[in-house]
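Quick heads-up: it's one chain on its own, the form predicted alone, in structure tokens.
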């Protein structure tokens, strides 16, 4: 390779390093700052971080649990990042996830005798459609009357909590559960396990395909280009003939569909039923992932996997060292804070 040809390669490598460096510095700084808190609480910092970072890789079962945690985190992050590409903020992923879970459970309970080749696709399709419909309401309010999507998507989260409670206690309850839980779905609606002697289910493959499709849609299609242009400058996009309000609606509906699918995968792959509280803190972490990735759909899976490793490690740290699991929230918040700070300093 000639010196002239090698120069662009060196420039691309240098640019990639400069892009990644703020993330590495932010992660290191956040762990250092959190280590001070852990030390002040009287715990072994080195052992705590060893537990957080390496628990996911100790054996196949732990790695399977990490990947199962990665699936809803990835989908929730995409549910936030897709509308973000169009300049909209979908903070209703929690409600859309639960709505999708209700749709998946309804199909799985009402059609339990269908074979797996028919029931499983119907369960997942129902979750996707119901999640999209749940997001369509705030999207329509934004499209028709310009009502802020942050308010409407957030308020619908609380509606979904009550709806899950009603379905689990009055429509298809499981009397033996002792907690608001529905009856199980049909066996044909359960996602297959990918690795023997682990809990890793096929939702991993589905989520990765969805992530790839989302990236191709935004980066390689005309509609995706218009969506990004709308998010960058709605007024300029409108001047050049882009129907901005329709793209706002589309982005929120797509986000709702992806979030609803995360609920369907949790029903079909993890719980095999609808359970009150199954949403855990996936939406909050999805927002953090989307913000850390700064809406970059190619970076979202990487960040989501890192957060999944932290979450599994936090549970192990809490069990073995009695360190509060909230410490990982501090680390995640500090990573986001330092990344935002590094962006600000770089601009200045």
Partner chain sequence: MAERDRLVMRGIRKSFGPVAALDGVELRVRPGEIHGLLGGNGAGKTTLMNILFGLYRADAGEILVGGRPAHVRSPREAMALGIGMVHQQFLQVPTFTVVENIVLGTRLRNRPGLDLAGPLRKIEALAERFGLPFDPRARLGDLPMGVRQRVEIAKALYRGVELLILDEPTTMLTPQQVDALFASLKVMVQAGLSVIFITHKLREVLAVSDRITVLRSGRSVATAPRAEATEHSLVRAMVGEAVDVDRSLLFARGEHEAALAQSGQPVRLALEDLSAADPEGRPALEGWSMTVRQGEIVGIAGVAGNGQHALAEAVMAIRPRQGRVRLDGADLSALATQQLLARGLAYVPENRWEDGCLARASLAHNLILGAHRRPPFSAGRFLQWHVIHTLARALIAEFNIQARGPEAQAGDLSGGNLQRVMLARALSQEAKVLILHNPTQGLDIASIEFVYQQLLRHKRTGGATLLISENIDELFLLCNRIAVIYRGRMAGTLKRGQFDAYAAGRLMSGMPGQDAEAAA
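Remember, predicted model here, so these are calculated numbers, not experimental data. Numbering follows the first chain given and starts at 1.
The form predicted together with the partner chain is left out here; the points below concern that form.
Should residue 195 be counted as a contact of the partner chain in the predicted bound form, where contact means heavy atoms within 4.5 Å? So residue 195 does not count as contacting the partner chain.
So in the predicted bound form, is the partner chain close enough to residue 226 to count as touching (4.5 Å, heavy atoms)? The answer is yes: residue 226 has a heavy atom within 4.5 Å of the partner chain.
4.5 Å heavy atom contact, residue 236 and the partner chain in the predicted bound form: Yes, residue 236 lies within 4.5 Å of the partner chain in the predicted bound form.
Hey, in the predicted bound form, is residue 269 touching the partner chain, heavy atoms inside 4.5 Å? No - in the predicted bound form, heavy atoms of residue 269 and the partner chain never come within 4.5 Å of each other.
Considering 205, 219, 118, 187, which brings a non-hydrogen atom within 4.5 Å of the partner chain in the predicted bound form? Looking at 205, 219, 118, 187 one by one, just 219 meets the 4.5 Å heavy-atom criterion.
Looking at 111, 183, 177, 242, which is the one with a non-hydrogen atom within 4.5 Å of the partner chain in the predicted bound form? The residue in contact is 242.
In terms of non-hydrogen atoms within 4.5 angstroms, which of the given stretches 227-235, 69-77, 187-195, 254-262 touches the partner chain in the predicted bound form? Going by heavy atoms within 4.5 Å, the stretch is 227-235.
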